[in-house]
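First, one chain by itself in structure tokens, the form predicted alone.
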Amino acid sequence: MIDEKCQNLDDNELVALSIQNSQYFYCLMKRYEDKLKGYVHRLTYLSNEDVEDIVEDSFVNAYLHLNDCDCDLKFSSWMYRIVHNSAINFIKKQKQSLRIEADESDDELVDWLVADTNIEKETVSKHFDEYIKSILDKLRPEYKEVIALKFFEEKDYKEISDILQKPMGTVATLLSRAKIQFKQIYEKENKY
């Protein structure tokens, strides 16, 4: 019964109802669970079990702090921030590093990365694993974070700013520096 009511409600309405009745929070969980799992998996490249644990813990944390939800932000941005922080903390505790899961179907990312680099698009398609994935793994963690949000989660600069709690200008700078570092690593590894 509640599931049917949820379909016509926006996130802010569901947040308000969730404070009164926890069953409405289930609607928010269903709405974002797969997206958040995909984000954590792409950002961390952890096992499905670890990803599920991070997302579940994040939902519990979000529910416990629902009264603190910043309604000036989109609920999705607030939830992504909680999941992002949980994933980063998990990675730090495990003494691992961020990894971005990308593949040749991520055309927008590939186009963006190779735009200022002397890589032919055909070469990228043929040798994607060899070039792009290995270079992405070598980027600084803060660059991986903005790339994952921009290209895989399709967040705009404002949402990325809200999630990472950084000014939009900083987000733009991080993306620009990510591209520069990508180019530098590529050129260093491909000197003849």
Partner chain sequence: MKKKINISDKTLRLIEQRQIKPIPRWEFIVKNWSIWLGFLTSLLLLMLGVAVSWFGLIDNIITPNLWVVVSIIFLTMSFLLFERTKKSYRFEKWQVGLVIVFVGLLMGGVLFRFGVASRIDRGMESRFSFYRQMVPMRMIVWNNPESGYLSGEIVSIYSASSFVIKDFNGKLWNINGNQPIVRGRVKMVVGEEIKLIGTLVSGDTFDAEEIRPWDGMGQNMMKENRY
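This one's a predicted model, so the numbers in the text were calculated from it and none came from an experiment. Residue numbers count along the first chain shown, from 1.
Keep in mind that the form predicted together with the partner chain is not shown, yet the notes after this line are about it.
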{"property": "Contact label in the predicted complex: K166 to the partner chain, heavy atom within 4.5 Å", "result": "yes"}
{"property": "Touches the partner chain in the predicted complex: Q184 (any heavy atom, 4.5 Å)", "result": "no"}
{"property": "Distance check, K37 to the partner chain in the predicted complex, heavy atom within 4.5 Å", "result": "yes"}
{"property": "Exercise: V55 in contact with the partner chain in the predicted complex, heavy atom 4.5 Å", "result": "yes"}
{"property": "Which of 39 to 47, 58 to 66, 133 to 141, 148 to 156 lines the interface with the partner chain in the predicted complex (heavy atom within 4.5 Å)", "result": "58 to 66"}
{"property": "Contact test, all of S76, S176 and E189, partner the partner chain in the predicted complex, heavy atom 4.5 Å", "result": "no"}
{"property": "Sequence-ordered list of residues in 5 to 41 near the partner chain in the predicted complex, where near means a heavy atom within 4.5 Å", "result": "I19, S22, Q23, F25, Y26, M29, K30, E33, D34, K37"}
